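This document opens with one chain alone, in structure tokens, the form predicted alone.
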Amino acid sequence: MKAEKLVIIGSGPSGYTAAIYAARAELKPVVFTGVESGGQLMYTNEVENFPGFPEGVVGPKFMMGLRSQSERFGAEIKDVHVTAVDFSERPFKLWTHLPDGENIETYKNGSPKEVAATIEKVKKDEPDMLAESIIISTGATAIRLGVPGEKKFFGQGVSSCAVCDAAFYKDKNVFVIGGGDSAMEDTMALTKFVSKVTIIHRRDSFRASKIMVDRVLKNKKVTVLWNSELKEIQGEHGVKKVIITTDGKDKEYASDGVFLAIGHRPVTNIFQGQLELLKSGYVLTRRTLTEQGLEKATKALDDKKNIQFPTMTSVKGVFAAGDVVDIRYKQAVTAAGMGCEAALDAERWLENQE
């Protein structure tokens, strides 16, 4: 089996930007988009802060534009999920199939033990692809609370994507969980359809940007329960009510829907044991903004005291970019910039191997 020069695992702004740069460098990259092609922006109604779009742009339209641009320059896009990797030696091995009876949902919602067991089964087969270099751009996924009723009603009144599902709640009464920019954006998306949105936040102030907070608090459809937490979701064939704890006291509220907007975790389950990760699960590179990242960068200084291949992971030839690395900024524009960096690093590293 011939090894590809470069494989990009994951899409989103970082993956597609890496593909654009790599394709223009004639590396003929292969991009595995994963289960959720296009990343989190596929669920974003309006992108207002990406340079070059003064009137804003709809998230899916923006992502499809990046995809088309990468294909224009020769990137090969595969709408397939990578199910296992082996970075122990080059060429690196990748698997994209599942054993009989296994479901891709294991990778999204299974426990670490279940995911590890599935990966071991996959790796008993021959790999589906070989690669001389890899860029990891698997992004992050929505965090769930784990409260009673959440799993039972997910997709039946519980959602992690207000932009996707808001229209189903016309003139309804819904709750949003969270206090960051994601919660503010979800709330504003919902106000276009619902009769009332109640934000449940465990603190006494939001951590979101001021402009987003101002928009939300000025909207007459929005109320806020401060110092509160969702305790339980109840219903029959769908969500009917929620139990909220406020200042230590439980209270029942009628509800037609619950939207989770409490953050995301990096999608790195297939890289456990293959790469060095932070305790939080983010991939560690030489540009990671932690003490561990600083140590990696210091050890990678050249004779001019410049950091060699900043997007390199703990494995030579494997690079990472976007929200799977970014512990601080988590913006589309920073993800795209990191994708560019990773592609340039991979190109130069490959040149050094010839």
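Since the model is a prediction, treat every value here as computed from it, not as a measurement. In this text, residue numbers run from 1 along the sequence as written.
Just so you know, the form predicted together with a small molecule exists too; it's not on screen, but the next bit is about it.
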*Although the small molecule is absent from this view, report whether residue 182 comes within 4.5 Å of it in the model of the complex, heavy atoms only.*
yes
_Residue-level question: is residue 212 within 4.5 Å of the small molecule in the model of the complex, judged on heavy atoms?_
yes
_Residue-level question: is residue 130 within 4.5 Å of the small molecule in the model of the complex, judged on heavy atoms?_
no
*Does residue 97 make contact with the small molecule in the model of the complex, using a 4.5 Å heavy atom cut-off?*
no
*Tell me which of 246 to 254, 168 to 176, 196 to 204, 103 to 111 has residues with heavy atoms within 4.5 angstroms of the small molecule in the model of the complex?*
196 to 204
*Listed residue (284, 85, 188, 262) with a non-hydrogen atom within 4.5 angstroms of the small molecule in the model of the complex*: 262
*What is the one choice in 224, 80, 145, 161 with a heavy atom within 4.5 Å of the small molecule in the model of the complex?*
145
*Are residue 280 and residue 185 closer or farther apart at their Cα atoms in the model of the complex than shown, with the shift being 3 Å or more?*
closer
_in the model of the complex, whether the C-alpha atoms of residue 59 and residue 180 sit closer or farther than here (change of 3 Å or more)_ = farther
